[in-house]
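Single chain ahead, written as structure tokens, the form predicted on its own.
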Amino acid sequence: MYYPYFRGKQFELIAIRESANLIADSGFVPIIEPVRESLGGLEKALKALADVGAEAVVVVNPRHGDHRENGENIAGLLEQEYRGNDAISAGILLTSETNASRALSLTRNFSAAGTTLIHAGFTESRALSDQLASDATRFRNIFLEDQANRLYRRHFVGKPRVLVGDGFVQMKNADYPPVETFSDLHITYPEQGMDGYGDFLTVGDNYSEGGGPAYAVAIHLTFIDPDQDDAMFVYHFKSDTNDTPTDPAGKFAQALGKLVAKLDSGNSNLLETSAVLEFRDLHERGHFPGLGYVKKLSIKHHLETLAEFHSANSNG
């Protein structure tokens, strides 16, 4: 149903690990593109998921980060630790730099049933579909919405298909509006002929090695608005001080104060998730846990919000 796409940075992997039970219970399938040379964090996240019976897709040929030139260590990890475990499977990234010959070679190397093809700018969809022929049914197809158009996708009709959109518009923290539209794919994916949907959480698809000094601090929290046909939106709670890269703790306190005021207004539509409760605790204690930790809470809140939405709809 829901396929959140993670780049495997430290706090994203910790968010996966801490959300393993929720991911398993909700039937979510995280896609993880490892970007750090060390695979220790990935191993811990995958173990946490496997221990509770959750699924995950691990990209064996990342587009970004330290494994961009060679993903053999990732493939080796899957072979050593998860051979025979259908829940932890390989994902093959098909980009604009991948030709049909290379794509076919990858599908032969990772031919186990349940392997995922991630269509991310690849241009030879007809050739690949024709070459795979009856073997195509063994692969799940995930399309990045802005990199695989409708004509492209129709070559894979009849096979499992998932559409991943990027609802998070990245910009300088100081430039974010107070609130903006995030996505409606959690509602509309069946109308687009898809078997599931995904997003890049509150991080976004654009990859960067890591932020420089924060001139402004922003806390991004998603919510679903029942008065807007259950569309998803995102709040950006920003600090007021944004002209120097100093005092991140003070800026976090400014942003957090706005978040708590919105929560207490009673009209935020924000779900009181475990992450929100932790934000409230940080506000009461006046504690700044670091910007990576704030990102982790934002990710966990997003996962919990969608889990609650689907749970309520399945029970309603």
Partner chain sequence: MSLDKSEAAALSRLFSATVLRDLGKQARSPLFTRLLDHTRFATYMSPEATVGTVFDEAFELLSKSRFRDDYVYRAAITEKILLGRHSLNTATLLNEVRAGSCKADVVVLNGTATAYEIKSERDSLARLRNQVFNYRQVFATVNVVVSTSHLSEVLKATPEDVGVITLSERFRFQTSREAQNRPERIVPSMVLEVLRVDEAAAVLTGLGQEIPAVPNTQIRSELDRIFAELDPAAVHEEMVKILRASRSQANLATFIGSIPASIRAASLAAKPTPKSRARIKEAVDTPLTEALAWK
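Numbering follows the first chain given and starts at 1. Keep in mind the model is a prediction, meaning the values are calculated, not measured.
We do not show the form predicted in complex with its partner chain, though everything after this point is about it.
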Taking 4.5 Å between heavy atoms as the contact cutoff, choose which of A50, L271, L263, A249 touches its partner chain in the model of the complex.
-> A249
Position in contact with its partner chain when the complex is considered in the model of the complex, options G76, P190, P177, P245, heavy atoms within 4.5 Å | P245
Given 263-271, 22-30, 281-289, 56-64, the stretch touching its partner chain in the model of the complex at heavy atoms within 4.5 Å is 281-289
Is A253 close enough to its partner chain in the model of the complex to count, meaning some heavy atom within 4.5 Å?
-> yes
May I ask you to state whether Y152 is within 4.5 Å of its partner chain in the model of the complex, using heavy atom distances?
-> no
Contact of Y82 with its partner chain in the model of the complex (heavy atom, 4.5 Å) = no
Does Y215 reach its partner chain in the model of the complex if we count a contact as any heavy atom within 4.5 Å?
-> yes
Heavy atom contacts to its partner chain in the model of the complex at 4.5 Å, residues of 168-190 in sequence order = none
